[in-house]
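Before any questions on how it binds or moves, here is one chain, the form predicted alone, in structure tokens.
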């Protein structure tokens, strides 16, 4: 059964569309992540689902029930939607103990004390904080406070869990641990979850599907593997996995879903073209650092470069190389000597895109 449907959703602020005619369908039990840079519209989308912000146009339905419809002027308030929400700020009551904070939503719903105590106990056990039930928020670490906020959001077993960058206040090690228990809890309870983040590692490690957003638009939607291995836009390629974007060339040949791009010095690179490209038009190549190999051979897709300094990162080296004015990053086991040399890129790892205005913006 489909849980959540956003249809032609738009939120305008004057002449600016924070989200612009987006369509998303989320299945029951799915963990969907809205991913993108600041200002892309991901938090606005989440607020619209929660009922904390009212869209300008479009429709939102959940499990067959209309939550918002601009045409009929329907808009249910947040409390009528009954969703669990976890914000970046923990928003715990400092004068209330952990169990009182967690049980507040049940108290407001007039759940009887015995049942309320049972559910609070289950929620605290779920997040591993049973021993901290009588402590106050000020006596907890940041990671523990975040667990309390999550327990409070799931204690009444909401049909939909909305999370707006809930781990961003934690340090790197705690964030990794939190990803594991958060995903585990979501699966154990069978919750449908919408997660907002700008952290690509979080999105890749936690999501069933990712929605990549930019400028209020959906750039790409798919599984983490699809987004990482088969980006359909230069922005997806560069935002997820930090791909190199090689400019300065034009399309010299198109054959099926493949294309060749020629650079001004006569060098040619062949690759896959996810979007239509046309001979003679400017283009760019997206390739990930780990897919660029120093080489001494004369294979096809060999490009002459100037190697720069290499940095040791423990399990690999990261080295820069210059193809004309383009600076590339390589990740390799053995760095090349500084100076003139060559790189090789498998045609399957080179993604060729048209150099439209939106792609140009990203390469600046």
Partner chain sequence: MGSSPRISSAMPQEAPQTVLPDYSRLIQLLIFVVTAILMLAPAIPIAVQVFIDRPLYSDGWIFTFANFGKLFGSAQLASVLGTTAVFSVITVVIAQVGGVAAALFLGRTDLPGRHLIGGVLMWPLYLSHLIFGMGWVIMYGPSGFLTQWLARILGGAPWNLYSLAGMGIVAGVSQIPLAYLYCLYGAVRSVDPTLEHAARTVGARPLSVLAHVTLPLMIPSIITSAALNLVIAVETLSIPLFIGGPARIETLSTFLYHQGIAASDPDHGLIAASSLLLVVLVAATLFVQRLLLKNSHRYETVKGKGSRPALLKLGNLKWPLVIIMGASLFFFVIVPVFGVVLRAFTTFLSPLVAPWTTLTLKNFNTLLTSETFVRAIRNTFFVSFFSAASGTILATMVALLIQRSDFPFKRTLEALAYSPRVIPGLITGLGIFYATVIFSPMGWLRGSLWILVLAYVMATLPLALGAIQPAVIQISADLDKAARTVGASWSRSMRIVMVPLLRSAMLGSFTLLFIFHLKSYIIAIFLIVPGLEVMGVTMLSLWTNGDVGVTAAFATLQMVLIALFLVATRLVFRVKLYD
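Residue numbers count along the first chain shown, from 1. Keep in mind that what you see is a predicted model, and the values were worked out from it rather than measured.
Although it is not shown, the form predicted in complex with the partner chain is what the next lines describe.
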The partner chain: the contacting residue among 133, 232, 126, 254 in the predicted complex [heavy atom, 4.5 Å]: 126
Partner-contacting position among 177, 79, 201, 226 - heavy atom within 4.5 Å of the partner chain in the predicted complex: 79
Region of this chain that lies against the partner chain in the predicted complex, out of 237-245, 210-218, 256-264, 95-103 [heavy atom, 4.5 Å]: 95-103
Partner proximity in the predicted complex: residue 109 to the partner chain, non-hydrogen atom cutoff 4.5 Å: yes
4.5 angstroms heavy atom contact with the partner chain in the predicted complex for residue 139: no
Touches the partner chain in the predicted complex: residue 289 (any heavy atom, 4.5 Å): no
4.5 Å heavy atom contact, residue 150 to the partner chain in the predicted complex: no
4.5 Å heavy atom contact with the partner chain in the predicted complex for all of 294, 307 and 323: no
Residues of 13-37 having any heavy atom within 4.5 Å of the partner chain in the predicted complex, listed in sequence order: 29
